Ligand SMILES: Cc1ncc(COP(=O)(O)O)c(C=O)c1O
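What follows is one chain in structure tokens, specifically the form predicted alone.
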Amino acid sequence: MSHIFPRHSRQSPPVAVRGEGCYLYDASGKAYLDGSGGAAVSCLGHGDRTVIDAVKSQLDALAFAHTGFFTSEPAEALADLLIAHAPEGLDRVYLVSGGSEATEAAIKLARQYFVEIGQPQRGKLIARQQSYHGNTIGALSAGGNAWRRAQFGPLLLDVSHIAPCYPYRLQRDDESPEDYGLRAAQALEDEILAQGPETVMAFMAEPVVGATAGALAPAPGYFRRIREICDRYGVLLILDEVMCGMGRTGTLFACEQDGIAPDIACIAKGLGAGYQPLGAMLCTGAIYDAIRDGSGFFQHGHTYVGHPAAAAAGHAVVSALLDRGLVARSAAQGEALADRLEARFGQHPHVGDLRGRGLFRGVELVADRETKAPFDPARGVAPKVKKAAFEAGLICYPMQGTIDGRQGDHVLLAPPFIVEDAQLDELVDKLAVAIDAAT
């Protein structure tokens, strides 16, 4: 009998014993193509010797030093590397152990920033419906997925949520993509005015929405307009790139493709690539200077922030992404995957939308392709796809509640950047088997 507290108490997952390239193997020897990189984590695949050796070497030298007393060489090196390649204006890096910690730190930093500059009335956060920002209380409060929030409602912070930028479902037939992008962004200005501009501290959004909406990319011009609105009202823009960043969408930072830079950025998942638990919050020099010139102390922290072995892994991962041309490969193989998905599912009666950027792709499943009607949630289509795919030897990331937290099903795909063409064929073939079995 296991003493592990599992994610689901009525399921008994196989034991993973080995990883190699784009595959994981269980104790029986069965191979699974990692078509989602776990949860968009394994950008380098499994068994990368360079990263493994970097971690081993760091453990030999120094395993741990608490940041209340020390900094460390790998932490400093990783911060320098990230800032050298970060969007304009980002100047400081706060290392944490994962995505939820990164977004939680971002929310708290935004609040403390306004206290430090003499605007304590600014404490309101605006985010989007159908977003996901993590599972700690602050991060979950920012998230706009009704299903994930429901049972914790009494514990959550008061965060307002605007409609997502969701072209497939919300763009009108008489609108161009650009016109829709401007209309969708206008919801932020409307909400800022409704809340009172002097009370709003930040707007938080995923450049490409991951788990809760299936690689939902914005309409053209949407984020440029969002940046303008934030600037107009002195609101900080927090971009959550925990899932879509670190090359996943074809540029190191996802927001590069929208031509903007945030005030605060959150990264994780692909930053450690699964080799160590690692995340980071990046902020502008202006935000850091406000803390430095004010109290001098960011009132936040966790035991393992800046962990030397994790930082060493992150430095090796980011170096690999840059030095091996893997970010460009993510873009190229992403287009190859998109072509295969279009060829196989473009006219499928139960596939409504194919979307995404780079090796971050979503397949929205529908009961009726013509009307876009979703499946009855009681049918559990997404869980059935996950089960059938896993039985076929494919790991993918299906979710329910795509539309409103209850209705809608999608499959998220995020294979390692090293994925070969033959493995893309295998991914699509096995996904087709699973979708047909579930629908």
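Keep in mind that what you see is a predicted model, and the values were worked out from it rather than measured. The numbering used is simple: start at 1 and walk along the sequence shown.
There is also a form predicted in complex with the named molecule; it is not shown, and the following applies to it.
- Partner proximity in the predicted complex, defined as non-hydrogen atoms within 4.5 angstroms of the named molecule, places exactly one of 246 to 254, 98 to 106, 342 to 350, 292 to 300 at the interface: 98 to 106.
- 242 is the sole member of 359, 312, 242, 213 with a non-hydrogen atom lying within 4.5 angstroms of the named molecule in the predicted complex.
- Checked against the named molecule in the predicted complex, the residues 134, 144, 164, 74 give one hit for a heavy atom within 4.5 Å, which is 134.
- Although the partner is absent here, residue 206 sits close enough that one of its heavy atoms falls within 4.5 Å of the named molecule in the predicted complex.
- Within this chain, residue 128 is remote from the site of the named molecule in the predicted complex, having no heavy atom within 4.5 Å.
- When contacts are judged by a 4.5 Å heavy atom cut-off, residue 269 counts as touching the named molecule in the predicted complex.
- Of all the residues from 146 to 171, none has a non-hydrogen atom no more than 4.5 Å from the named molecule in the predicted complex.
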